[in-house]
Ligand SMILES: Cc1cc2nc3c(=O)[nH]c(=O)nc-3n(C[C@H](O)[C@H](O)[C@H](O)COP(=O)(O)OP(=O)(O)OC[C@H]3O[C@@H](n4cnc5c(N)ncnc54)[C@H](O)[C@@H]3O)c2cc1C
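First, one chain by itself in structure tokens, the form predicted alone.
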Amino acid sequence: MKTDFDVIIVGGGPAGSTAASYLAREGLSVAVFESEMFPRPHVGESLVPATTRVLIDIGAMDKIDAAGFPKKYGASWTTPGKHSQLNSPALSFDFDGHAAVQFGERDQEGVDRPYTYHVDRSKFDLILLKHAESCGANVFQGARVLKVDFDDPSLVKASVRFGPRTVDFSARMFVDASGRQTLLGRQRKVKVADEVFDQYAIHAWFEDLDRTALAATPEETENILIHFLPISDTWVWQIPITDRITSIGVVTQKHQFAEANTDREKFFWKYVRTRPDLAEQLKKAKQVTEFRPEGDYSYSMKEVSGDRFVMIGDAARFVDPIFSSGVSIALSTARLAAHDIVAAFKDDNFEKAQFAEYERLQRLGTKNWYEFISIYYRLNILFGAFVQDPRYRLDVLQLLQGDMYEENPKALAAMREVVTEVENDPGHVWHPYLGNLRVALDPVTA
């Protein structure tokens, strides 16, 4: 049966544009419907190295290299003061609460450099969308997909609104890359709110922040810095955007914002002031954007594929982004899904079983990521110690690089064991530092 396109993709963000590039390069007719007009601002400005292999795959790496984004060589975590009391007999070194890794310490398949980038998402996302177009994808901006119809078993119909008029388009296959709008998740009523992670963020850009102030070494100024606050389940990101602009965001449990009964600016500074060293530096800098909120942080889906559809990126799953996972998951799930979609066209078979390998890997990766983040929140001191411990450092780095699609990663197994030991021993030196969020399995993938 003839259709308007082979594949319809809703959403032109990193997941949708990457999937479009893969599929168009394979000779498929692809339409991308994006409701906004690019460029547009977006949170999630720090990449991990796993994005590099995908950008190389789709032929976009040279364009990203040419954009002049700040290079990101690693990640650092800071704490409010020194913590000699945190040393445990289990450690073979002195741990003062500061931790850092450099991506180049571990070789990574498909990655040809020891760095990735911090990006202005308005520019980065536009580059990827334009690249998809250059690969042959048909890109429609200002086009909102209202509904997807699967009633005809031989095709998919999407109702798309362009200003005052609505037009129906047909395809053999549908890809939901709608991000946190979760188009199919809401339409099919398969979206599941996460009962553990209900995070909320307030963020803005600052000019001329002294990035050396909280870094242990000059090299760390090129890292993403995560600053722990002396408040349970709360942290601050510090991400270079240009040589003078830095993104700063406070992340905490949503209920804490509601209980504060205050505005965004007061909320931001109230939390930042709990780290006087950070607050002092921010007060010297110039705020150049308004404070923006990010909520609805964590959810999953009962299904991420079915007859004639797959969900990718944030449309399939979203968890607290403390390890800069957002863009990596978007690009990686687009790559995995595109592989199965191309095979579906070769087999002329678009039933759910055709996408079983994509769903397996997507579930596995997000399950590992979910537990990694859960352990971090439950006992972030343990995370810092494992980063510094030579026995586990490279295993933790593997996850931080975005390589998370394997069964039972070594680092998770070891960290899980230590968390259990600390939880069961009130006398353990780390017991007072347990966070409120308990380590839990993903409610859908468990």
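The structure displayed is predicted, hence computed values, not measured ones. Numbering starts at 1 and follows the sequence shown.
The protein also exists as the form predicted together with this ligand; that form is not presented, and the subsequent description refers to it.
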Listed range touching this ligand, judged in the model of the complex by heavy atoms within 4.5 Å, from 350 to 358, 371 to 379, 233 to 241, 98 to 106: 233 to 241
Gly11, Val145 and Ser325 all contacting this ligand in the model of the complex, non-hydrogen atom within 4.5 Å: yes
Heavy atom of Gln181 within 4.5 Å of this ligand in the model of the complex: yes
Any non-hydrogen atom of Val43 within 4.5 angstroms of this ligand in the model of the complex: yes
Contact label in the model of the complex: Ile245 to this ligand, heavy atom within 4.5 Å: no
Contact label in the model of the complex: Ser35 to this ligand, heavy atom within 4.5 Å: yes
Proximity to this ligand in the model of the complex, single hit among Ala201, Val196, Ala215, Ala344 (heavy atom within 4.5 Å): Ala201
Selected contact from Asp277, Glu294, Asp340, Asp307, since only one has a non-hydrogen atom within 4.5 angstroms of this ligand in the model of the complex: Glu294
